[in-house]
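There is one chain below, alone, in structure tokens, taken in the form predicted on its own.
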Amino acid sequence: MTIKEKVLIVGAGSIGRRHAKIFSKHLKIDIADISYSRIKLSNKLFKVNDSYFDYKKAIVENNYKFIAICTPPHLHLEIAKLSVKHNNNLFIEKPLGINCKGWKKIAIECKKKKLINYVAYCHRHISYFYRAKKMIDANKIGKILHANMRWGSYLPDWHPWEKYYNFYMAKKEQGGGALLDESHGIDLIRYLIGEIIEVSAFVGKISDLKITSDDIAILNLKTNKNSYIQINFDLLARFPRNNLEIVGTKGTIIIDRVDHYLKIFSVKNKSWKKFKYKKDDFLKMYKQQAFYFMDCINKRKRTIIDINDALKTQSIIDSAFLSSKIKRNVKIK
């Protein structure tokens, strides 16, 4: 893939650098970040065309093939607005934002201007989740009755090079917290099982961590196919947990993203079949996502997770926060 156009990566934190590493091998990249140390590190690690402390200056002064928004979620919308105003395609780190407000207008503008947009719920690009999708679509486990997802890790272990309470994940006002960040799980439920039509949730802080964001989110979901899902997201698990069990009338699928395996139980055969993967199969999702996005731009085709699709996940997030606040079920609009 040889591409001469340049792109702008706004936000040179850990996820921004991960994307910069991939995109810089195929495109010219500019970096924008308010931190001198992060810009300095990016220039050391990658071949950076130009660097900016002000992303607005970069967008106004350049023509970019696309803009990758890799900042904390509370900044996503304002960056997207300016990017679309200047006719740039969009690559947006998940979650879409801190809520749904303002994003429908961005989606409409993208459609009017024929701009390609993608929200990076990258777990759809993991090979074992894709395999599970094919099994489910082929009716290998029959009608899905219910599922359980456990997604947990310990926030202070995330970035050992910095104080966890300085990280945006610790700050509610910046879009941190278990529910927003771990919403990969909600996207996967939609992808594998069906659209969510109702949610009941508890979202809050129950630990003594020095954070203002939520450290736990427990969701009960109902799909449009009358499947019932339980999800437990948290930032408290002292060892990482990331697994999903999907129970159907003809079998069960279990996926573990920590030990990297998928196994399927057949009711008919009364036996398990296990598929083992490696950590590299998981990490490949970032490269596969980047290539997929570039292919969509080059072929001018809609992405599988554009703003309109990501709004469905964002609506579930918003409804979960509301359900926790009012202490009752909320129907998804």
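Just so it is clear, the structure is predicted and the values come from calculations on it, not from any experiment. Note that residue numbering follows the sequence shown and begins at 1.
This next part talks about the form predicted together with a small molecule, which is not shown.
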(request) Select from the listed residues Y191, F167, Y128, F202 the one whose heavy atoms reach within 4.5 Å of the small molecule in the predicted bound form. (result) F167
(request) Could you tell me which one of N298, N43, S35, N63 places a heavy atom within 4.5 Å of the small molecule in the predicted bound form? (result) S35
(message) When the contact criterion is heavy atoms within 4.5 Å, does A120 count as touching the small molecule in the predicted bound form?
(response) yes
(request) Report whether the minimum heavy atom distance between P72 and the small molecule in the predicted bound form is within 4.5 Å. (result) yes
(request) Mark E93 yes when one of its heavy atoms lies within 4.5 Å of a heavy atom of the small molecule in the predicted bound form, and no otherwise. (result) yes
(message) Since only the chain is shown here, I'm wondering whether D234 would be in contact with the small molecule in the predicted bound form (any heavy atom pair within 4.5 Å).
(response) no
(message) Within 4.5 angstroms, counting heavy atoms, which one of the listed stretches 21-29, 6-14, 306-314, 320-328 is next to the small molecule in the predicted bound form?
(response) 6-14
(request) Using heavy atoms only and a 4.5 Å cut-off, decide whether all three of H159, D181 and H184 touch the small molecule in the predicted bound form. (result) yes
